[in-house]
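Shown here is one chain on its own, the form predicted on its own, set out as structure tokens.
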């Protein structure tokens, strides 16, 4: 159970987290942790103030230096909520923070890409382009005004995440375990749903019995759609748990399997 001690962060500390994330959400982006580096960069000064013990501080930083990837504009909500949970340390803090980040990064990415990136840029871009063709410079101002409005909205969402996260660990502390479990379930559902849409793996093997030709892929699809991608992701997850295995080695193994499988007509 988390305690309900008074907040240790000032408004300046919280704003510093927002501006660091807001201006550098993709710094040191890599295939292993993606936005993990920028998350640590943004949260580190505030966490230093919360966790005064050096060893504990290092452990907390390490726990944030994990895979994290979402739409940068919406990521502020997640970081705000995570910061609020961190501000009230307790036995369930690590699990709660991990659940919040994992459970929300997928849904927030989808919402953010549509609402703040694809739709506005398409609409405003089209308007600005037509104005530009007519020789009007007003289209440029539309882009500038949208950028200013976006900064305000991002800060508003960050503050909302921070306030709601604080509510979880104070007035809703008794329900935190249920909230954590729900976030974990949501995260697993999102990751599971991403497998068929992002992992493309089909077999080109066929078996001939007399005049009957049976396609292995059709048989697998009749058992369970996207069975091969699911099994492949499970294999990669299992390999990552092996001692000495890294994401770089996994990438090399996947590349070699893809090349070999394609050339021996195992995969299509």
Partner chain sequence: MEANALQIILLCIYVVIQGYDMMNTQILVYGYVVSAGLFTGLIFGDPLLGLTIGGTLQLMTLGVGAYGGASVPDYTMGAIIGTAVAVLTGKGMDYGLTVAIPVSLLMMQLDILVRTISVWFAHKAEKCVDEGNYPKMALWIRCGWIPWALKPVIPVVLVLTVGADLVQKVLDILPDWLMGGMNTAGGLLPAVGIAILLRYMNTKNYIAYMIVGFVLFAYLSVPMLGIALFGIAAGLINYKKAQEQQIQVAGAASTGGIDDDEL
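Numbering follows the first chain given and starts at 1. In this text the structure is predicted, and so the values were computed from the model without any measurement. Each form is matched to the other, and the largest set of C-alpha atoms that superpose within 1.5 Å is called the rigid core.
Beyond what is shown, the protein has a form predicted in complex with its partner chain; the following relates to that form.
**Student:** Can you tell me whether residue 23 touches its partner chain? I mean in the predicted bound form, with a 4.5 angstroms heavy atom cut-off.
**Tutor:** Answer yes; at least one heavy atom of residue 23 falls within 4.5 Å of its partner chain in the predicted bound form.
**Student:** Against its partner chain in the predicted bound form, would residue 238 count as a contact residue? Criterion: heavy atoms within 4.5 Å.
**Tutor:** The answer is yes: residue 238 has a heavy atom within 4.5 Å of its partner chain.
**Student:** Hey, in the predicted bound form, is residue 216 touching its partner chain, heavy atoms inside 4.5 Å?
**Tutor:** Judged by the heavy-atom cut-off of 4.5 Å, residue 216 is well away from its partner chain in the predicted bound form.
**Student:** Would you classify residue 9 as touching its partner chain in the predicted bound form, given a 4.5 Å non-hydrogen atom cut-off?
**Tutor:** Heavy-atom contact with its partner chain at 4.5 Å: absent for residue 9.
**Student:** Taking heavy atoms and a 4.5 Å limit, what residues of 211 to 227 are near its partner chain in the predicted bound form?
**Tutor:** Contacts from 211 to 227: 223, 224, 225, 226.
**Student:** My question is whether residue 221 is one of the residues whose C-alpha shifts by 2 Å or more between the shown form and the other one, given a fit on the rigid core.
**Tutor:** The answer is yes, as the C-alpha of residue 221 shifts between the shown form and the other one by 2 Å or more after core alignment.
**Student:** Align on the rigid core first; then say whether the Cα of residue 16 has moved by at least 2 Å between the shown form and the other one.
**Tutor:** Moves: no, less than 2 Å.
**Student:** After the core is matched up, is the C-alpha of residue 242 off by 2 Å or more between the shown form and the other one?
**Tutor:** Yes; that C-alpha moves by at least 2 Å between the shown form and the other one.
**Student:** Between residue 69 and residue 202, do the C-alpha atoms lie closer or farther in the predicted bound form than in the shown form, with a difference of 3 angstroms or more?
**Tutor:** Closer in the predicted bound form, by 3 Å or more.
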